[in-house]
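Just one chain is shown here, as structure tokens, and it is the form predicted alone.
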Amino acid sequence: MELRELKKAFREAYQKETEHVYFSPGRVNLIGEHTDYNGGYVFPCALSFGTYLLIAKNDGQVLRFRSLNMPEVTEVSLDRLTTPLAKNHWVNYPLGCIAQFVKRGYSLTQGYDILIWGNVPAGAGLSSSAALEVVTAYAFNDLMQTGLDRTELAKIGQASEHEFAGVNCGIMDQFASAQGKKDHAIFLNCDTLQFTLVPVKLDGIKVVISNTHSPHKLDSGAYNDRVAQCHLALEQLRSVRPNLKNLAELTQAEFDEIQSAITDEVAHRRARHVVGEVQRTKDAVEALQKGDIVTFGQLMNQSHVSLRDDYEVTGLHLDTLAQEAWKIDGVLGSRMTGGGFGGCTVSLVRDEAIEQFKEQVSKAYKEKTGITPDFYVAQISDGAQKIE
């Protein structure tokens, strides 16, 4: 949808003109999955599609929220900004961000009318929720002139997800949406939030995202279960390493030495994935910086196998997409991306193999699942911004 169409929709919804327009992107994670809430490394990049927020002042002491995907207008009084709405209400995502400003001591005394539209496929694991959170945080940081930096805005989005949406997510999604840079991926230490912008130079190769159309639902409990299982593993390891801060601190050799302290079999497998995935992410970034895309792709494949076998977050749909991709000569690597339980895979595909990839993977996937997948050739773009 073009900007003029969005402005027209705002005018029809609120009988007034838009005053400001903001945008924040979705993201795809190239490697480093389920490591963020374990203090490890991730390697996401911002995408060209995301969430738009149009806004104008109103005369009341209320915030009015409307999404072009939802029929109703939701009103929230300015004296109830820190109270979540009903569980699973989409307005909890932006409202939770505004609540974080209030909790930090910034008072909102002006009412606003807000229109949201996004073109991140919902439930695809490309962070439509983080894009909504970050665009809200970015907009109100600008409107209220609070002067918070992009890292702080990412933290606000994460806090919103924890407190208002009930998902114990890590920081990666919001960080990528806030800090993304065109043609770069973000090598982020999720413990310290130190990061490096790494150029993504893929000569004759494209990043292709494949959508299972089997939506993932992080708030279904499975994601929070994985977080709890990692916490259990960490607690048991502390019986022999009392000062261990998080699982990602351990090298593979260190983990091998003390892993017997984890007596819970499921927690052991979760921890084994985390430790291995952190090392794979470091190795993959080093390979990319050296121009060794073949090694990068192999590490992507290994990541998927670990997420399938040790972390158990893939399932039929994601496994089918990845495994069918591995059969094609022009595919260097393919893996699930995001929280899992549905969503998308990300693949590195040589230009000359993209059409074969789409045709062959689509055919095999539909035969196994009855669903036709969608494919997006990713454009790596900038993070949150004010459009006008």
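Everything numeric in this text was worked out from a predicted model, so none of it was measured. All residue numbers refer to positions in the sequence shown, first residue = 1.
Form predicted together with alpha-D-galactopyranose: not shown, discussed below.
Quiz item: Of these, 63 to 71, 44 to 52, 342 to 350, 27 to 35, which stretch puts a heavy atom within 4.5 angstroms of alpha-D-galactopyranose in the model of the complex?
Solution: Comparing against alpha-D-galactopyranose in the model of the complex, the contact stretch is 27 to 35.
Practice problem: Check each of 169, 185, 115, 124 and return the one that places a heavy atom within 4.5 angstroms of alpha-D-galactopyranose in the model of the complex. | Solution: For this set of options, the contacting one is 169.
Quiz item: Of the residues 195, 101, 223, 90, which one places a heavy atom within 4.5 Å of alpha-D-galactopyranose in the model of the complex?
Solution: Exactly one listed residue reaches within 4.5 Å, namely 223.
Self-check item: 4.5 Å heavy atom contact, residue 338 and alpha-D-galactopyranose in the model of the complex
Solution: Yes.
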